[in-house]
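A lone chain, given as structure tokens: the form predicted alone.
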């Protein structure tokens, strides 16, 4: 499937794997890139030496393009911005802020810049700053979310910009891909579906939660902290939601409880203290498969639907 995104990045399928913190590492990113998509390594707040190692490991596993996601509110964002230049990473995606101050250096180094945006206003600012494309992410996605839905956000962003738009949030099969193109997108970003990829290195308990999730097993916590987050419904997230609702947890206490909770989910499968970030689409995911099979199935279905 050829679109502006495949031409811009030199990839076979217009699909990005989401830059999920503690989850998106070199093994998964390389598998997605080898399958024809764009694998992403999550920067998060990880040490620079670890991220350098992950980038170099990804290069050893694939000769295809891949990217790094930079959370701009991370304390080491400036170091990571320079690291992607030093390591000649072809694509950067960004979240949680405005990458404007890094844009000139990235463009000079030939890095393609694709910010994640939750609104039309930020999308327009990113185009003016020199972004090559934007990822319009709806509230259906896992992890930190905005309030606008994918269905509402993507067409408005597509209408407002001249650069390509990638749809994200609530996309798990070819129907979601086809719908995204109908809304004006030139590609998709998928996170939750890749949690159930064979190459995804999360704890087996995490994968089991995703595969067994029902449509009602998605819960958003932390709105009163200013950082709402979508998770799989567990005892821990229900405790957080309850404390938020009845005021028994202050925002500071909430933040303290959730500090390090994603790592506890990803590495330890800790159901008592872990935040199992996951999109609202998890109820559609029924089995674990190789990343290549996931991508090929999605685009075969999308191609058939778009052909109609």
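Positions refer to the first chain, counted from 1. The shown structure was predicted, so the numbers you read here are calculated from the model rather than taken from an experiment.
One more form of this protein, predicted in complex with a small molecule, exists but is not displayed; see below.
Although the partner is absent here, residue 39 sits far enough away that none of its heavy atoms falls within 4.5 Å of the small molecule in the predicted complex. The closest heavy atom approach of residue 9 to the small molecule in the predicted complex falls outside 4.5 Å. Among residues of the shown chain, residue 14 is not one whose heavy atoms approach the small molecule to within 4.5 Å in the predicted complex.
In the predicted complex, none of the heavy atoms of residue 295 sits within 4.5 Å of a heavy atom of the small molecule. Residues with any non-hydrogen atom within 4.5 angstroms of the small molecule in the predicted complex fall in just one of 79-87, 141-149, 120-128, 178-186: 141-149. Of the candidates 153, 165, 92, 190, 190 is the one whose heavy atoms come within 4.5 Å of the small molecule in the predicted complex; the others do not.
A single residue from the set 197, 71, 161, 209 has any heavy atom within 4.5 angstroms of the small molecule in the predicted complex; that residue is 71.
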